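A single chain comes next, written as structure tokens; it is the form predicted on its own.
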């Protein structure tokens, strides 16, 4: 399971792995997929102003230890697109995984894209 200690963003993935289809996503909400032993929370934000509609972050909440991030609420805090953990309400950036309240906490972030109707996550 990915934890805050291995919060790494794959910059230029060489491989893309299909994890679900566009029809599996829920607009403005999260769904969780399995990727090589890790639970990944996917967020589909079709109305996102900055043009990036898909985000993939670790589903594992580093503070509680529970796999709940995919059930969090999407919002904006200080101009940053965030997901609020449903347990302790800390806010994590959907762009880089950083925690707004505690710089020592972080979610792993994966590159994600649509390839036709497939949703693919970049893997190293």
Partner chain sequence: MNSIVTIAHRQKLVIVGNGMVGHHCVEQLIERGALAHFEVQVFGEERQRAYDRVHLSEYFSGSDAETLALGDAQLYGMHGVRLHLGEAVLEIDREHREVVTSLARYPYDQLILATGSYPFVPPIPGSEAEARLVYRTLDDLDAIRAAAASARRGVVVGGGLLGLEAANALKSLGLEAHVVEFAPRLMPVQLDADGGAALRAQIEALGVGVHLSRATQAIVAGEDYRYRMNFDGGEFLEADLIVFSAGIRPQDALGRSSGLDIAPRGGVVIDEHCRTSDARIFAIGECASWNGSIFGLVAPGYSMARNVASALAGEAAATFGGADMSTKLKLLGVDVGSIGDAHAATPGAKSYRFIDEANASYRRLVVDASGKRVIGAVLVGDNSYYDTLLQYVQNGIALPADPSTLILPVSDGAPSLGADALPETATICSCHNVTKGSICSAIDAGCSDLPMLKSQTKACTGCGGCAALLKQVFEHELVARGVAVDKSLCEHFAYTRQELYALVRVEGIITFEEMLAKHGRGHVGCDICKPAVGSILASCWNQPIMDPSLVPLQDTNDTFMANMQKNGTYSVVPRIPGGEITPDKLIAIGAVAKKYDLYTKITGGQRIDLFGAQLHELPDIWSELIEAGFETGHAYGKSTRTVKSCVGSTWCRYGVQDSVQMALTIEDRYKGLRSPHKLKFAVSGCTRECAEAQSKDVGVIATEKGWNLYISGNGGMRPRHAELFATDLDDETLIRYIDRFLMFYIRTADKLQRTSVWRESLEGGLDYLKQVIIEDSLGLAAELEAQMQLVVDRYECEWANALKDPEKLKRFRTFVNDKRADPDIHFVKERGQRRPIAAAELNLIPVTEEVV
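Positions refer to the first chain, counted from 1. All figures in this text were calculated on a predicted structure; none of them were measured in a lab.
The same protein also has a form predicted in complex with the partner chain, omitted here; what follows describes it.
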item	value
In the predicted bound form, residue 24 touching the partner chain (heavy atom, 4.5 Å)	yes
Partner proximity in the predicted bound form: residue 84 to the partner chain, non-hydrogen atom cutoff 4.5 Å	yes
4.5 Å heavy atom contact, residue 100 to the partner chain in the predicted bound form	no
4.5 Å heavy atom contact, residue 28 and the partner chain in the predicted bound form	yes
Residues of 71 to 98 having any heavy atom within 4.5 Å of the partner chain in the predicted bound form, listed in sequence order	71, 73, 74, 75, 76, 77, 78, 79, 81, 84, 86, 87, 88, 89, 91
